[in-house]
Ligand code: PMV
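Below you'll find only one chain, the form predicted alone, shown as structure tokens.
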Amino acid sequence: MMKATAEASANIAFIKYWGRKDARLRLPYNASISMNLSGCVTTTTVEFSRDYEQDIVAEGFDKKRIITHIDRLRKLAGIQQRVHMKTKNSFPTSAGIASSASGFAALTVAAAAALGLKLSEKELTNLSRLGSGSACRSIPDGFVKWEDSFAYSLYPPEYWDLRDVLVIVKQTQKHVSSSTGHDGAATSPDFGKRLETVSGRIVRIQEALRTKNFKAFGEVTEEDCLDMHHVMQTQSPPLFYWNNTTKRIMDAVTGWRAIGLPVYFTIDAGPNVHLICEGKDEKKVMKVLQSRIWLRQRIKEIIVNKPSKGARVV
């Protein structure tokens, strides 16, 4: 019997990836930069045994996709034992909060450990990417860059005391998965323009990270978020992940900045909003969120995240 448990955090991309130049290998058209989220964690246990007659995976997850990924690891280890997999998330699943990223990162690390595979961090990012592209960003620590086939840490979690105040306005599964959405990205008439400009944003955000220039960091984060969603909304068929509350929060953030509160938004492929601020402003952001009656009525949950470690065996 071979068994291991791993944890991995979801990540929020400040410079995002949308569209794949190779769908089978899940290779992105552009590099991306993200931060692991301390409050959004997947815990996965895998157990391989000759006693199991069939593969068993957790209910509510894509069994075919999971088993395909486990098969990759079994092939590397040269074993055929069946697997029993259990997994749980500390946050809503398939709601646009990168649960597939943390899920496949945790699965890859747990299965590799259970099978006795001695893989480097780079190899783990390569493997996890085949299950879910953004999973490779959940493997390294802290602030992470994904380029082509692998991801690596730019800075450890303690490098910069940032906060991601995740405002969950919808907890249910989104209507179109990110994987399906990626397939249509190149149909947007503005996809080419995005690819031309995103490399410049990578340079700008890396400089903002290096100098801890929060204003510059926030501005380029919002810019890239809006650019990605513009591509989504103009591809065929168009994807509209925002709801009315999403848009009201975006407008509110702009107003909060105008009265001196340094906070910026970013949104992945879903309606939930990530409010980015420095640690010293966390209480102010929480106060303004909780003081708005219309927001309190619509918010399902708030998860406050700090920069987090990458995937690890626990």
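The model shown is predicted, which means the values in this text are computed figures rather than measured ones. Quick note: we count residues from 1 along the sequence shown, nothing fancier.
Although not depicted, the form predicted in complex with the ligand is the subject of the following passage.
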In the predicted complex, segment of 183 to 191, 209 to 217, 126 to 134, 67 to 75 with a heavy atom within 4.5 Å of the ligand: 126 to 134
Gln235: touches the ligand in the predicted complex, heavy atom cutoff 4.5 angstroms: no
4.5 Å heavy atom contact, Ile303 to the ligand in the predicted complex: no
Exercise: Ser100 in contact with the ligand in the predicted complex, heavy atom 4.5 Å: yes
Contact test in the predicted complex: Asn89 vs the ligand, heavy atoms, 4.5 Å: no
Contacting member of Val57, Ala269, Ile249, Val263, with respect to the ligand in the predicted complex [4.5 Å, heavy atom]: Ala269
Of Leu162, Ala112, Val169, Met228, the one that lies within 4.5 Å of the ligand in the predicted complex (heavy atoms): Met228
Heavy atom contacts to the ligand in the predicted complex at 4.5 Å, residues of 3 to 21 in sequence order: Ala13, Lys16, Tyr17, Trp18
